[in-house]
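What follows is one chain in structure tokens, specifically the form predicted alone.
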Amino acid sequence: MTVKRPDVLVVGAGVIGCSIAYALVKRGASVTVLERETPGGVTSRAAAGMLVPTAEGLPAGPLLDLALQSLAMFPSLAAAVLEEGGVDVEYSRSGVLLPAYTDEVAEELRARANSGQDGSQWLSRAEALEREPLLAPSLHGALFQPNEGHVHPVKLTDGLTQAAARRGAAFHFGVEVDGLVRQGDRVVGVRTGGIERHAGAVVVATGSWSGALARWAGVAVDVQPVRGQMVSLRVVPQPIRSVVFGRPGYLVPRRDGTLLLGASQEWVGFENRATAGNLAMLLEAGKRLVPVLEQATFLATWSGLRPGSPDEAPILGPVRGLEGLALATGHFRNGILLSPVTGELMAEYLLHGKAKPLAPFSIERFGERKPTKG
């Protein structure tokens, strides 16, 4: 049995898959998205939604350039998703503050501010406490980046889904892909149970589960799940306005008055569960940043699986030897941040063959991949 052939079939409806679908339908392409769970799956829905390339410490180079390009796209994307999808993604250019509690960290952060490369500002202790009065008073100062902020990751994913669907994208949830349909060295679709779904091109955007391509076509995709655990708290009144990125731990204020506290990094395979030990670690880290959290109301804890590549950069673009197949995975900690630019660049490649911007993120950087014969 076969079904109607779209221009592009996207496997995975996390924020990356949904962003690609939206970018494609804006350009007039017909798109089908397949997802075995719900929009956002177990990764995008578990994210904090930070848009903070400065805090992430991305080194100068293609990844930082990609992140800054994507960051600049959020105001217009948020407006478009609200208009077309009817969802307010709660984009906030709140700024991000990196507090220093030791001389060593203060010296490092001050040097970053003095470099003048990313618009960051060094705040003295008094200036930092004026901006965020509830920070622990033992701080020496802070680095502040006013151009960064946060977004609600669930609402972003849902909004992209709604906007893409209203433009004609077809979303099918509860559908698990178990193989590729090939004609020689060309991928012409996927298998879902006994159904063949044909398409002009196939995009694998399945995050930590992208390694399934080894079973489907003998192509090793170097992506491993990295568990991250989060905590949600409520403090009245809201204790901070900015994202506070500490060592360890970070805090993200939400519009509803809740506060997100994250996040761990654990290489535990596909074991996706919250643990008491990490809950204790996160709460302790939060209290060191903002002591008033001692009195916060605990709301919830959860975990997600980030798709981590060996160099912590995404894997984007074609797979040599498998015409018609593309990858969009491995975004690690920056899936939300990189979603707009990933969608736009992948759409330009899929529809117009513009592969050059994706070259630094090709799977070939990890060595040649030789798919098995179809």
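The first residue of the shown sequence is 1; numbering continues from there. Remember, predicted model here, so these are calculated numbers, not experimental data.
Just so it is clear, the following notes concern the form predicted together with a small molecule, a form of the same protein that is not shown.
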property	result
One residue of L259, V290, V221, V177 in contact with the small molecule, assessed in the predicted complex (non-hydrogen atom, 4.5 angstroms)	V177
Listed residue that, although the small molecule is not shown, lies within 4.5 Å of it in the predicted complex (heavy atoms), from D65, E37, D311, E323	E37
Candidate stretches 315-323, 24-32, 49-57, 344-352, one within 4.5 Å of the small molecule in the predicted complex by heavy atom	49-57
The small molecule contact in the predicted complex: L160, any heavy atom under 4.5 Å	no
L327: touches the small molecule in the predicted complex, heavy atom cutoff 4.5 angstroms	no
Heavy atom of S70 within 4.5 Å of the small molecule in the predicted complex	no
I363 within 4.5 Å of the small molecule in the predicted complex, heavy atoms	no
